[in-house]
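Only one chain is shown below, in structure tokens, and it's the form predicted on its own.
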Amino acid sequence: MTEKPFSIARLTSGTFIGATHALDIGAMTIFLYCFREREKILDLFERLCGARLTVSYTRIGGVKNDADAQWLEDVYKFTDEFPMRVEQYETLIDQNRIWLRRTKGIGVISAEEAINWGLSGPTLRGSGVAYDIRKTKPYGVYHKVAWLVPKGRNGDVYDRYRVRMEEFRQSNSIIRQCINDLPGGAIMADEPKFTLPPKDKVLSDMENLIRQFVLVTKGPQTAPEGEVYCATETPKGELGFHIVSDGTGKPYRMRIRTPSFVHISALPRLCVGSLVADVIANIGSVDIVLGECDR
């Protein structure tokens, strides 16, 4: 259950960057098409957990609440239609001569340079490096579903765009497989030292009320001393957390490795030899969010 919302969130991110990137270069229609699907996904999020963007759905040991059969059926219906929508996006701009002139041969970076700069996600895969943490170090259920890692060849704006188009199809396939193989059972692990108790028990039992209070205010009290780095593959690239523990419920130190912070550092390199107008194309192709860059 946990992985399915992650894959759907990848679609919302992809439709957003596809829409705004194309709009920045001058393609208006695809912006409206992409937001048509994005709104449908956000409506599904709202029905599942009450929020559209900041869903806060996952929990330590599980998820906030279960999904009903109607919600799963509606998601499956959406995945039936979505591949045809991707074809519409491609029909609009894939071979458009203006789009090709603004993206082909722009912002080229080789595979070796991309690795040296620390690029990740579609920005790295556009240069021909088939690196995806979900494949190299699988987590969740990614090792149980069949999917491919799209990659480009030339490392330009166009290839980074094409990688994202193909990732639409792969994410759509992952969602369908997850729904087909979704097991029954509890949505939260029974681990009192780490997981919050059910809300009905919190409201009716003093022991569970105290347990929730301690977990929320102090954190799990059994974290071992030491340090760990954990990374996941987000739609923009590698999101990593480096945590140093002193044995208490809160980290002694923590640093976050965000893809946008790394990618914006490489932006001057991508713009070498290009026109000023191509800066916009390069920014859109590496999918920067400035909130991630404010370190």
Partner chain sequence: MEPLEIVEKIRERFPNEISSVVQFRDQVSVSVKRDKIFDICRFLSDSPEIRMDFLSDLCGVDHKGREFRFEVVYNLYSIKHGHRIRVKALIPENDPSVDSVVPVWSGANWHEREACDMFGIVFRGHPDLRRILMPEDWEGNPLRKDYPLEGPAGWEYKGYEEVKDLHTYDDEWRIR
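Please read all numbers here as calculations on a predicted model, not as lab measurements. Residue numbers count along the first chain shown, from 1.
Just so you know, the form predicted in complex with its partner chain exists too; it's not on screen, but the next bit is about it.
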(request) Check each of 196, 165, 129, 145 and return the one that places a heavy atom within 4.5 angstroms of its partner chain in the predicted bound form. (result) 129
(request) Please pick, from 47, 40, 257, 64, the one residue with any non-hydrogen atom lying within 4.5 angstroms of its partner chain in the predicted bound form. (result) 257
(message) For the three residues 105, 134 and 161, which mark the spot I'm curious about, does each lie within 4.5 Å of its partner chain in the predicted bound form through at least one heavy atom?
(response) no
(request) Report yes if any heavy atom of residue 157 sits within 4.5 Å of a heavy atom of its partner chain in the predicted bound form; otherwise report no. (result) no
(request) State yes or no: in the predicted bound form, is some non-hydrogen atom of residue 265 no more than 4.5 angstroms from a non-hydrogen atom of its partner chain? (result) yes
(message) Against its partner chain in the predicted bound form, would residue 224 count as a contact residue? Criterion: heavy atoms within 4.5 Å.
(response) yes
(request) Find out whether any non-hydrogen atom of residue 180 is located within 4.5 angstroms of its partner chain in the predicted bound form, and reply yes or no. (result) no
(request) Mind telling me which stretch in 85-93, 166-174, 119-127, 211-219 gets its heavy atoms within 4.5 Å of its partner chain in the predicted bound form? (result) 119-127
(message) Using a 4.5 Å heavy atom cutoff, which residues in 37-68 contact its partner chain in the predicted bound form? It's fine if the answer is none.
(response) none
